[in-house]
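Just the one chain here, laid out as structure tokens, in the form predicted on its own.
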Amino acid sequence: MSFRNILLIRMPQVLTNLQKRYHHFNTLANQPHNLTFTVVKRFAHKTLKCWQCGIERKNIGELFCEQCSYIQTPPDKDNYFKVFELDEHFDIDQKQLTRKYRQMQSQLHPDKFTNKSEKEKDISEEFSSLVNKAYNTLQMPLKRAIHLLHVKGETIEEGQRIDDPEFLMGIMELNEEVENADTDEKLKNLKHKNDNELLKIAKEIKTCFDENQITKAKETIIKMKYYNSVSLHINNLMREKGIVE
């Protein structure tokens, strides 16, 4: 009996296990996004004023008021791209992101607010927490894609799956290969294979967003979730076996 026929016989059981893993990762991936996304261009035409001196803020991206130097509240908590003054694109400059993150966190360090008012301390803590969440989201391709989808007004429902038997069969076969990998080298090769698939899908997601094909982007992101689930499984196995790349 061929390997594919064996898979077809075992398909219900394998699909159940696969969906459990997918559901687990889906929950983890969506945790940072328990936000209410309303109007994408929320602050495009809104005047913001300093809470302390009342002056109209010319550059809402600045952490401190240009007149009184008091720390300002985040202008947009729901759009992580705006937190770092980045364009809303899937493909971002990671070095620029890290540089901006470090710059902002150095300005928001608690030591700089030791002698400040309680309100300033509260704002700095809130802002620092937001910067951390935004950075942790944008530096990861899948989380960044999900967040950008939110910014575009779309969401992926919990448990939402791909209606593509051929794709699901490919994922099943990959999972079977991972489970049956009996040497370190086989597991490393499977990791390399899966990582290449993730890179390929990331390029497809970039194209979808660049061409404003949001529905297609959503479908491709769901596919990325499946491969991410496989990636987590491989990484866990390698860690348990003490395999170093």
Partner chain sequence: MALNASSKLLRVVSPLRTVTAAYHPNVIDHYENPRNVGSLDKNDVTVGTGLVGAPACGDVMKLQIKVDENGKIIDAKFKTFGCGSAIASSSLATEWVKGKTVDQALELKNTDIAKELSLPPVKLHCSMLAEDAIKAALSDYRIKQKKKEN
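Bear in mind the structure is a predicted one, so any value in this text is a computation, not a measurement. Residue numbers count along the first chain shown, from 1.
If you look for the form predicted in complex with its partner chain, you will not find it shown, but the lines that follow are about it.
- prompt: Looking in the predicted complex, is its partner chain within 4.5 Å of a heavy atom from each of R161, L168 and Y226?
  reply: Yes, because R161, L168 and Y226 each have a heavy atom that approaches its partner chain to within 4.5 Å in the predicted complex.
message: I'd like to know whether L149 contacts its partner chain in the predicted complex, with contact meaning heavy atoms within 4.5 angstroms.
response: The answer is no: L149 has no heavy atom within 4.5 Å of its partner chain.
- prompt: Is the gap between S128 and its partner chain in the predicted complex 4.5 Å or less for some heavy atom pair?
  reply: Residue-level check for S128: no, no contact with its partner chain.
message: If we define contact as a non-hydrogen atom of the residue within 4.5 angstroms of the partner, is Q72 a contact of its partner chain in the predicted complex?
response: Because no heavy atom of Q72 falls inside 4.5 Å of its partner chain in the predicted complex, the answer is no.
query: Just to confirm, D195 within 4.5 Å of its partner chain in the predicted complex by heavy atoms?
result: No, no contact at 4.5 Å.
- prompt: Among 169 to 177, 78 to 86, 116 to 124, 101 to 109, which stretch has residues whose heavy atoms lie within 4.5 Å of its partner chain in the predicted complex?
  reply: Result for this chain: 169 to 177.
query: For 119 to 149: residues with a non-hydrogen atom within 4.5 angstroms of its partner chain in the predicted complex?
result: Sequence-ordered list is empty.
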